[in-house]
Each structure stands twice: as structure tokens, then as C-alpha cells.
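What follows is one chain in C-alpha cells, specifically the form predicted on its own.
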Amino acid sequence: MHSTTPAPSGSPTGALPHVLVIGGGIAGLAAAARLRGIVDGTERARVTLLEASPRFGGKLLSGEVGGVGVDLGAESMLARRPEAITLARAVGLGDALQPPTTAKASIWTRGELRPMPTGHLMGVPGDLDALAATGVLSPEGLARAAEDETLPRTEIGEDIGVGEYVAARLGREVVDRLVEPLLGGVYAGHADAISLSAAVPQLLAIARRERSAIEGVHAALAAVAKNPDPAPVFTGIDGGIGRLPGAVADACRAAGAELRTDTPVAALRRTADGWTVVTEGGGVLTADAVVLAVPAPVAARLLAELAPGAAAELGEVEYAGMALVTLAYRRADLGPLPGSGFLVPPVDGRAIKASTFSSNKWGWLDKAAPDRFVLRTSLGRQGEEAVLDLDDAELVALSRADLREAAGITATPYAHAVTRWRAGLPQYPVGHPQRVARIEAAVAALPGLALCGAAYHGVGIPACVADGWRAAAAVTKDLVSGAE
């Protein structure tokens, strides 16, 4: 039996307050699910969710390539944060959660595929012998990395670029050939510009606590290894991560929420009794509170008059674009491909920045199409989005050329798909946490309004789910306070 929270003064006596969620990506869906009690059984509000596009899910997207169901956006989620797994289980996908079949990745650098070093934290090694065995670094690069163990402490202040800190400790080669490709896979950005405190807080803690980065990483990883039953780092969903938003949307509807697609919002206004939203079609909706789960530029536009300071800060958030090229082969045409795929350091000057051997990585995909082999490549990063303007055939050709040189793949795919994510990934430059704090302080002056999404506290799926829950809790608190 669901419990309820008190209604605010502007709601009918005994009725749940009405919350409008603007944005139907995973953060907005998570907020709606939280408000309707899907995760914990506590109904907090009536919910109307408005999504501007024809579908829910944002960068979580399933599709079909050559008769094989695949993810055309995010394909996995961090399993060592509980929020996304908790949400998946709450909407009936618990039995579908599957870790990768293999997590053995390579780095295509210095002319060949080399094994990803073990014992590292976002590319920062905790074991130089293990790093040396991979051949990823040159002898000169290894010698420079070893200096970390004798160099004086690196002062980092309130924040510092990931690349700047790692280069100071271990040298430029570690940044270029390890940190850069790993961070690029998450943010499609540049290591020197990305905030250490926002992107790799574990490394920030090490930098503040330890003189040597290597020793600090080694100790941190040793502590994790003591867990007798460590969870997998990542997990997927049988049938694709793209199933998650649809399942959450279905659960929200079943719980009484109203969800609308193709409903962009033109204006957001504060009233004496709450909030008014005007859609681009001229519709007017009223609510006691609003959760704004949209990209930063959209939030900036909607808050331009209500919170000009927050809007200005939101307008400064930069985004990077990328393209995913998915290729489907007949397995009989391919030789064996090792591991889960490979990363590509930008310093090597290749077109692609990574390739995932999806049929190796996900057992559900191999089971569904045992005679096919699906892989994908990614291209583009911040400041280098011109590649997205190439036509599909050119992107496929660039991908195939790099795959041929890296992994000897000469076969012709029988089907392909190109997915462009323009302005898909918000960037977290040095000072990002401070910017977010200023935005949230400005919005706090407007009770009944909360922001959430990838632009604030993390770009991963669990972080976005957690941010949606945080926003739902914030407006619930405002509504209860307003009723007292």
C-alpha cells in the first residue's frame, strides 16, 4: 500500500501535489518514477512528464542493424553505483541485467593492439611492472612515469585538469596514451580541460592524501581487491540498455503518471500558486512544482527571466558531439577478434577513437544472433565535431580503414547504421563543481523548482538516475515545507 506526503496549500485538501517533469531522458524518467513511488512505494506527487522529441530515453536508444537488435547509444552502465540497477529492478528488468562476457580491452597505439594495463585508475597506473609488460609506453615514457615515486607533492588547489595533474606526476605519455583515450570514451573531451574533482574524484582524494599517485592508486585498488565478492564494474541489459527508458516509462504510466512525447516547452513561469508551463503548441499546464530535466542550453532558455544568473551559467556549459558507426558482419566472414574491443589515443592520429566488439562483449547478443557479428566504432570529440558532417558512407569507410589496420578486419559488413549524437555529452571543465553550485544556489531561490541531468553531477546512467531522484526529493521537500 502506498503512503503519501502532505499536499501543499495550493492543492485540493487531501490531494497529492502535481509535479511537471520537463524532459524524458533517463534523469527525467527517474525523477518521475521517484515521485510516483515506483522504487520505494511512497507516492509523492501526481506527475506529468513532457518530452520534446518523439521518444523517451535521450542517449539511451535501441535499434536494429541487419536484423540484429543493438544499442545505438549508451550500451552499459556502472554497476558499482547502485542507482541504475535499483531502478532497472524496480521496473522489472532485474533478471535481464548481465555483466559483460569479457572486459579485456586493448589499446591501439604505437602501431599495434596492446593489452589494456591492469591495476589502473582512469589510466593512472598502480603497478609500473604491469604497465611495462603491455608495451603501451615507450622506455622513455616508463622512466618518466617512475619519477612519480620521488617527485615532491603536486599542489592541486581547489581543482585541476586531469591531464595537468597526471602529466605533472607521471609525464605526458601516460596522459596521451592511457588517460586521454579512457576519459575520451566517457566525455568525448580533452584530459587537460576536464576537471579532476568532477570527473575522477577518487584520484582527487589520492592527490590530496598522497604524494605519489602510483602508490595512492595501488593502495586504493588493493582496498577494493579485499572485497571477497566484488561486483562487476559494468553491467548491461539483455536486449540492450535502450530497453531501460521504455520500461521506466511503462512503469510510470502504470503508476498513474501522464507522459507525453512531441511536446516541447516554450515558457516556464512562476505564479502565486505554483508554476505554469506553456508548450510550443500553445498548451498551458499548471503545477505545484517543476523538475527541469533538459540539456543546459534548454534550461538556460527557460530560466532566462526567472533566474538570469543561473541561465548565464547554464549557457556556458559546453557539449561535445560524437558519431557511432555500427557494423554487422556474417561471422563466417571474420576471423577471431580478441576481447571486448580497443581504445585509440588521439595522439596516434586515427579517425576512430574506440571500437567495441559487441558480439564478444555481450553474451545476449551472441546468443540472439550466433551467426552474426556486430561491432561499433566511435568518432568525434569536443572541438573535432566536423567529422559528424561527413555522410554515412564516409564514416563507414573511415571506420573500416582503421579496423583493417588495427585488427585485420577485411570483410565487408552486410549492414550498417550511423548514429550522430550532436551536442550529446556535457563537458566538465576545471571549476565545473563550483559552476553547478552557483546554478543550484540561484535555483534554490525559486521553491518548487529543481534541475537534473547529465550537465550537473555526472554523465553516467547511475549518476543521472541519482540526480533525478535528488531533484524529486528537492521539490518534495519544498512542497511539504510550503504546506506547513
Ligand SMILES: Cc1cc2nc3c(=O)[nH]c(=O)nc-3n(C[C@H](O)[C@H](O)[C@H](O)COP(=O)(O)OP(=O)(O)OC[C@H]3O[C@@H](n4cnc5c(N)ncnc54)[C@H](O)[C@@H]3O)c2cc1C
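Values in this document were obtained by computation on a predicted structure and should not be read as measured data. Numbers follow the displayed sequence, beginning with 1.
Just so you know, the form predicted in complex with this ligand exists too; it's not on screen, but the next bit is about it.
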Note to self: Taking 4.5 angstroms as the heavy atom distance cut-off, pick the stretch from 443 to 451, 62 to 70, 429 to 437, 44 to 52 that is near this ligand in the predicted bound form.
What the structure shows: 44 to 52
Notebook entry, point to check: With this ligand left out of view, which of Ala199, Ile409, Val265, Ala310 would have a heavy atom within 4.5 Å of it in the predicted bound form?
Noted result: Val265
Note to self: Just to confirm, with a 4.5 Å cut-off on non-hydrogen atoms, which of Gly141, Gly163, Pro295, Gly240 contacts this ligand in the predicted bound form?
What the structure shows: Pro295
Note to self: Given that this ligand is not shown alongside this chain, does Leu204 nevertheless sit within 4.5 Å of it in the predicted bound form, heavy atom to heavy atom?
What the structure shows: no
Next item on the list: Classify Ser76 as contacting or not contacting this ligand in the predicted bound form by the rule of any non-hydrogen atom within 4.5 angstroms, answering yes or no.
Entry: yes
Margin query: Residue-level question: is Leu35 within 4.5 Å of this ligand in the predicted bound form, judged on heavy atoms?
Written below: no
Next item on the list: Indicate whether this ligand has at least one heavy atom within 4.5 Å of a heavy atom of Leu324 in the predicted bound form.
Entry: yes
Margin query: Using a 4.5 Å cut-off on any heavy atom, which residues of 459 to 475 would contact this ligand in the predicted bound form?
Written below: Val459, Gly460, Ile461, Pro462, Cys464
